[in-house]
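First comes one chain, alone, set out as structure tokens in the form predicted on its own.
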């Protein structure tokens, strides 16, 4: 028995699988959880010697966890700061649309970009101000760790923050459910396959169509980050996940050259 355990340890070591990386921890963007969990069973079937765990928490949390050695792979749709990125390798997944969604009773399905900015910032407080129902606007947002929030504040709000009265939800799914159940709600989510029961807002002349997702101007660029010093098996997992054929069914499309 001792000889068998010794031989297995040598076999794993020769393949770059250190003892600590027999368990690979993935952490970060909640929007990427579905596509990662879709692909993992196939990967684990090919690598039965490795156990993989996946948790959300947001893009910044994923980057911090990898940088500090608390996770092996960080899922992020925020580019890490230069000081952090010097020690990392990135495996891009493509682009993921960010959609602006409203409760189905708001009475409007199209706003201009300046109107969307005012709505999200809290400057417009009633939907009738943009031609909708006589109902208060309730902004629902992700926390500061979210890549979707980062994109929204940069592209829509031009550096401003979302309304200080916004309801904060920690995940894509929680935000979506809150918009469904809250009268007058407005929020934003990265595309998900079960997006029903809400109004998907057109912004200016842009209306989202999954068949032409690359024409929608609001998106994040999700990437899997690992430390440059990571074991070979960790880098292999990140590379394999980045090439997953399941990406398209979760709204991810290739970045344009």
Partner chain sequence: MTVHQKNLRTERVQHGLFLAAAALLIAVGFAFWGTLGWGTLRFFLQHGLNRTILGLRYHPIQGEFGLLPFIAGSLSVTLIAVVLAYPLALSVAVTATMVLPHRWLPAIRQTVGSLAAIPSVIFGWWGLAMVVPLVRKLGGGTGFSVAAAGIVLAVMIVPTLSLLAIHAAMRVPERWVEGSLALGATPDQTLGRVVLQSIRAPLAEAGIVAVGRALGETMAVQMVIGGQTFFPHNVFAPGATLTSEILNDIGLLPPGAFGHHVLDVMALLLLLAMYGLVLLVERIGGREIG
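C-alpha atoms forming the largest set that superposes within 1.5 Å between two forms make up the rigid core. Residue numbers count along the first chain shown, from 1. The model shown is predicted, which means the values in this text are computed figures rather than measured ones.
Just so you know, the form predicted in complex with its partner chain exists too; it's not on screen, but the next bit is about it.
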Checklist entry - Quick one: does residue 205 come within 4.5 Å of its partner chain in the predicted bound form, counting heavy atoms only? => result no
Checklist entry - Is residue 79 close enough to touch its partner chain in the predicted bound form, meaning at least one heavy atom pair within 4.5 Å? => result no
Checklist entry - Looking in the predicted bound form, any heavy atom of residue 86 within 4.5 Å of its partner chain? => result no
Next on the checklist: Is it the case that residue 105, even though its partner is missing from this view, gets within 4.5 Å of its partner chain in the predicted bound form, heavy atoms only?
Outcome noted: no
Item to check | Contact test, all of 60, 64 and 169, partner its partner chain in the predicted bound form, heavy atom 4.5 Å | outcome: yes
Item to check | Partner-facing stretch of 105-113, 90-98, 120-128, 140-148, counted where any non-hydrogen atom is within 4.5 angstroms of its partner chain in the predicted bound form | outcome: 140-148
Item to check | its partner chain in the predicted bound form - contacting residues of 163-179, heavy atom within 4.5 Å | outcome: 164, 165, 166, 167, 168, 169, 170, 173, 174, 177, 178
Next on the checklist: If the two forms are fitted on the core, does residue 193 show a Cα displacement reaching 2 angstroms between the shown form and the other one?
Outcome noted: no
Item to check | Threshold 2 Å Cα movement between the shown form and the other one at residue 220, rigid core reference | outcome: no
